[in-house]
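Quick setup: one chain, the form predicted alone, written in structure tokens, and binding and motion questions come after.
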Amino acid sequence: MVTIPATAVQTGADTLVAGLECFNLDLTLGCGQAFRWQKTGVGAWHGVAFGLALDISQSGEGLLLKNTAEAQYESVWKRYFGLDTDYAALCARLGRDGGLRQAVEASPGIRILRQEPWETLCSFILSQNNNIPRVTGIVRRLCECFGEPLGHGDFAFPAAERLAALEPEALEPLRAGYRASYLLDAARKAASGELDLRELESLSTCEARVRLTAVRGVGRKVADCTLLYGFGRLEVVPVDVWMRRVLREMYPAGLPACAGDCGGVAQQYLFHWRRSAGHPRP
């Protein structure tokens, strides 16, 4: 994959990114892959990632990052929003298949976020048998209770070491139910080094999946979401009830060859297309 020809320029305290292709901020932040963003206006969002709060908005092919230096955009947000990947070429490739072409054309501009792996693992542990608004609320309460304050009502995602020191009753205000015990197990394994998330970067996808599923309550789907959204393993295809139905109906033999090493991107388009097209829940 090659870098897209977008340009970033600092204007006062803000950074403006111009010339974007195949990027839709609303679809990217609202499609269920991240839980710390809130829409604040037309094409405008506020959220926290990597311990940094951000106000961001899109108008046409321009993206405005408020109170953000160009250097911070280049070191954090460019990669986070997938703006270092040529999605125009990627979507053209997916469009070789008729079904994928429909999904891409229905929701052009979705990108896979490259999130912080620890936060991603915890978020998808909490997402099990849950809906997006409820997961968002649990994650918000988790950060408010145990994350470092960033000012203006924002909080960083709590470190594994902070959560590992807690007893189960401390998590009761989160209203996470049985998932709280899974969260504590993940925190204790990560804090002790039994689960070394930095080491996972260098492992094969299969090896990394095995390490993740050693955490209590982490099955194939949560592990794959962590690998796709937290480690940028674009070849990984998380399968939930929606995707299972899509695959059964459209691709019983698996995703088409054109998906190749970007099956996770194909999955995101198919997932959003199926959920937003008025189909009944599987």
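The first residue of the sequence shown is number 1, and the count goes up from there. Note that the structure is predicted; figures quoted are calculated from it, not measured.
Keep in mind that the form predicted together with the DNA is not shown, yet the notes after this line are about it.
Trainee: Indicate whether the DNA has at least one heavy atom within 4.5 Å of a heavy atom of residue 203 in the predicted bound form.
Mentor: The answer is no: residue 203 has no heavy atom within 4.5 Å of the DNA.
Trainee: Mark residue 248 yes when one of its heavy atoms lies within 4.5 Å of a heavy atom of the DNA in the predicted bound form, and no otherwise.
Mentor: Within the cut-off, so yes.
Trainee: With the partner left out of view, is residue 95 within 4.5 angstroms of the DNA in the predicted bound form by any non-hydrogen atom?
Mentor: Contact check for residue 95: no, nothing within 4.5 Å of the DNA in the predicted bound form.
Trainee: So, residue 271 and the DNA: in the predicted bound form, are they within 4.5 Å at any heavy atom pair?
Mentor: Yes, residue 271 sits close enough to the DNA in the predicted bound form that at least one of its heavy atoms falls within 4.5 Å.
Trainee: Looking at 75-83, 195-203, 123-131, 159-167, which one sits within 4.5 Å of the DNA in the predicted bound form if you count heavy atoms only?
Mentor: Only one stretch qualifies here: 123-131.
Trainee: Between 179, 140, 209, 188, only one gets a heavy atom within 4.5 angstroms of the DNA in the predicted bound form; which residue is that?
Mentor: It is 179.
Trainee: Only one of 32, 51, 47, 232 has a non-hydrogen atom within 4.5 angstroms of the DNA in the predicted bound form; which is it?
Mentor: None of the other options qualify; the answer is 32.
Trainee: Using a 4.5 Å cut-off on heavy atoms, which residues of 208-233 contact the DNA in the predicted bound form?
Mentor: Stretch hits, in order: 215, 216, 217, 218, 219, 220, 221, 222, 229.
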